[in-house]
Ligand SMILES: Cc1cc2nc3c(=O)[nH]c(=O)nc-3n(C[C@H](O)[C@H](O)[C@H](O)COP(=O)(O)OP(=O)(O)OC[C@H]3O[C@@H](n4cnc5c(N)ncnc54)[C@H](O)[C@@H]3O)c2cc1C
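Taking the form predicted on its own, here's one chain by itself in structure tokens.
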Amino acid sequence: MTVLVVGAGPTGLALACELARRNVAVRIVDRASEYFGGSRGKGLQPRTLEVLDDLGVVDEAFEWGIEGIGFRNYRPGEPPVDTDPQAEQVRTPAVPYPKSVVIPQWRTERILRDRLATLGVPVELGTELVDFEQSADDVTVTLTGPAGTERVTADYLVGCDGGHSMVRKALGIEFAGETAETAAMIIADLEVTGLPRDRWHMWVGERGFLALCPFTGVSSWQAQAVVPDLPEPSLAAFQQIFADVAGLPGVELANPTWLSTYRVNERVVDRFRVGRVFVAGDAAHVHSPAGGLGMNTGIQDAYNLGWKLAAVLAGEPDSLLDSYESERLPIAAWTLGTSTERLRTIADGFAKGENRFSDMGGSEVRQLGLGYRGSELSREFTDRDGRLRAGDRAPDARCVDGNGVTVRLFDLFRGPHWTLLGFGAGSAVAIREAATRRPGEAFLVAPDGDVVDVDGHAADTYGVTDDTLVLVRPDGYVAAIGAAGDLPAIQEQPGWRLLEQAQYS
């Protein structure tokens, strides 16, 4: 075994997919005896949709999700008001998925689990990590499961095992922050009749807050409630809260399938790595649900770590893995700060009888502007002056191929490989050289090139005015930018060496 992933939630599943499609031997275990069945993290942000595009499952997310759902806000004695905080987020050549998608977490996990199954990797339920110890060369792990106790050896261990992570605790990693005992809600998946399913319905008033969010393809909705003297979650409790807070006739709540209490924790680790062991997702950072960033940030942790583990196992220096912490720790801190501030805004609104929850769909939570400009993996050989920089998300653009068929840059990026774009005819020699050694990874964007930027979308988005090379990492961020003559330096980029092409799934 090469990599052991502990925890089969969205983060662990995304990481296992990333490793398996690179033909890295991976096991993924979860101590639960059955798959999680709740809606908990129910929103996929635009950047995460791009990750799912790369994994080949974004169509399933749209099939089972609701894109850009609007809000219906109710206040006592007033007619309901419809708002759409994502109305201004429109699809462009650079941003193909501008709006979030509401989809229950259990469905997102099933989509990722099905993708992992196509790669030949099963999820091992009822299998618990009991202990582990590491040396300079490997990690020895004790597992208990249906077949009893076993000891296995892995090259690396990744804890994706949630906020109560056994892996994090065993490593002695500090999990600084606080539990906001007064910030809690009850939450459930249940059936609702008497309300249209095209809106996320919210009530706020002196008696509390209630939100009912529909899902598509299933009969259930997610219900969230914050009231004084918060009760234990039950159908009767939600029915009483609806009567007290909403008081809307003709609406019935029934048949709960999942009930939970959510208490807000705001914590982040001080390290993402100790030797050959890593933490990701909720094991590394937890925060309020305001903004819908938690699950998304965890999936993107996995997206960052997966290609680096594969590269090191293929021969890159182990130091490449240090960039996982240096790149993701600032993102985790930003996420915690943003969600905490949004929670305060919502709480202040509740105190005034105002619903500020439905104002939480701003552009920053889309996570498209987050990147790694200061990373040791981001290199520039030309002065960019505020344009697209190394470390930024690599945007999409519509071009055409030699047959006049529309092709997106995301089509070129899709898969576990790196991508070298050569803009302008002067990049042709460099692209040909790269393509001979890494076929399918180097493309000339020019009138007579592999793709033609007929409408100028690519040049505009990438800020290119002359012959330029742009190297895009497997996780869709710009690794290096330079002139055509900078190819020898660019090809030394950690993780992308112009050797024989790796074979991927």
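Treat the numbers as computed from the prediction; the structure is a model and nothing was measured. Quick note: we count residues from 1 along the sequence shown, nothing fancier.
One more form of this protein should be noted, the form predicted together with the ligand, which is absent from this view; the next part is about it.
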Task: Region of this chain that lies against the ligand in the predicted bound form, out of 65-73, 446-454, 460-468, 41-49 [heavy atom, 4.5 Å] - done: 41-49
Open item on the list: Please determine whether residue 162 contacts the ligand in the predicted bound form, using a 4.5 Å cut-off between heavy atoms.
Closed with: yes
Task: residue 438 within 4.5 Å of the ligand in the predicted bound form, heavy atoms - done: no
Task: 4.5 angstroms heavy atom contact with the ligand in the predicted bound form for residue 128 - done: yes
Task: Residue contact check: residue 323 to the ligand in the predicted bound form, 4.5 Å heavy atom - done: no
Open item on the list: Counting any non-hydrogen atom inside 4.5 Å, which residue from 29, 442, 26, 478 sits next to the ligand in the predicted bound form?
Closed with: 29
Task: The single option of 410, 215, 242, 262 touching the ligand in the predicted bound form, heavy atom within 4.5 Å - done: 262
TODO: Counting only non-hydrogen atoms and a 4.5 Å cut-off, give the residues of 3-19 close to the ligand in the predicted bound form.
DONE: 6, 7, 8, 9, 10, 11, 12
